[in-house]
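Listed next as structure tokens is one chain, alone, in the form predicted on its own.
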């Protein structure tokens, strides 16, 4: 028999975790709620909370079981859930907008044409639309510092590939199910490789190892291959020519 959950849903996870789930599928409003709720938990600085994070549509809280029982933690989270409509709560402050030079197509990103066809677009129109898409860091995961970004327009709700691409490089921008992923290292993938950047999501040699944060926004602005090669030759800060500014609204 099918199970039906009422959201937001508060549950324990494992020995010392709790999960506040705002939807069972990814949506802009569910992600907004997860980010806002996680930010509020951090702001409250509950002494029993040892860690928090946000995913596509949930907020995770790890807690000290020596300080609080599972039942007490669930009640505390349920009380917080009931204090406001998290789906319409403003996103947290301190977010940044990144503009990242990106080569679409060519042999650097050879699956752009295939992705455009799957979206019912010409390659040129796909590049224009993708290059103008301002996407949010929905969550970070799978690999160190690696962001899932979206949501993209409905035409880009295209499926994953049937077969894995054996390897794409660091800085690859890949596309599926109305989202981008910007790869933090070389990896196989079933997502279509549509763009290539010099942006490093994982920078173990600097203090800010993970430059992107959930809630940040990115524009992958079209660049030529020559421009990307010039950036690679003359920039070693890991930003790949990207600029960053604070989001004030």
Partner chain sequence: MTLIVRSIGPACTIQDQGRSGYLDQGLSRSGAADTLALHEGAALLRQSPELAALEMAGMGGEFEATQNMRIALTGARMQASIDGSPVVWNASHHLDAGQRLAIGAALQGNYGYLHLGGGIDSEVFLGSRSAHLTARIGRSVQQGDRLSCSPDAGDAGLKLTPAERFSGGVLRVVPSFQTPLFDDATLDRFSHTSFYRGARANRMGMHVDSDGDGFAASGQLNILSEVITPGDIQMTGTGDPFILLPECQTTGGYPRIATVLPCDMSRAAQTPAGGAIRFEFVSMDQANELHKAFLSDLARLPAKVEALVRDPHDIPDLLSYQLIGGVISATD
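Numbering follows the first chain given and starts at 1. These figures come from a predicted structure and were not determined experimentally.
Just so you know, the form predicted together with the partner chain exists too; it's not on screen, but the next bit is about it.
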The partner chain in the model of the complex: contacted by all of 97, 105 and 236, heavy atom 4.5 Å: no
The partner chain contact in the model of the complex: residue 163, any heavy atom under 4.5 Å: yes
Non-hydrogen atom contact residue 148 with the partner chain in the model of the complex at 4.5 angstroms: yes
is_contact(residue 143, the partner chain) in the model of the complex, heavy atom dist at most 4.5 Å: yes
Exercise: residue 227 in contact with the partner chain in the model of the complex, heavy atom 4.5 Å: no
Interface stretch in the model of the complex with the partner chain - options 76-84, 153-161, 121-129, 89-97, non-hydrogen atom within 4.5 Å: 153-161
Members of 154-190 lying within 4.5 angstroms of the partner chain, judged by heavy atom, in the model of the complex: 159, 160, 161, 162, 163, 164, 170, 177, 179, 184, 185, 186, 190
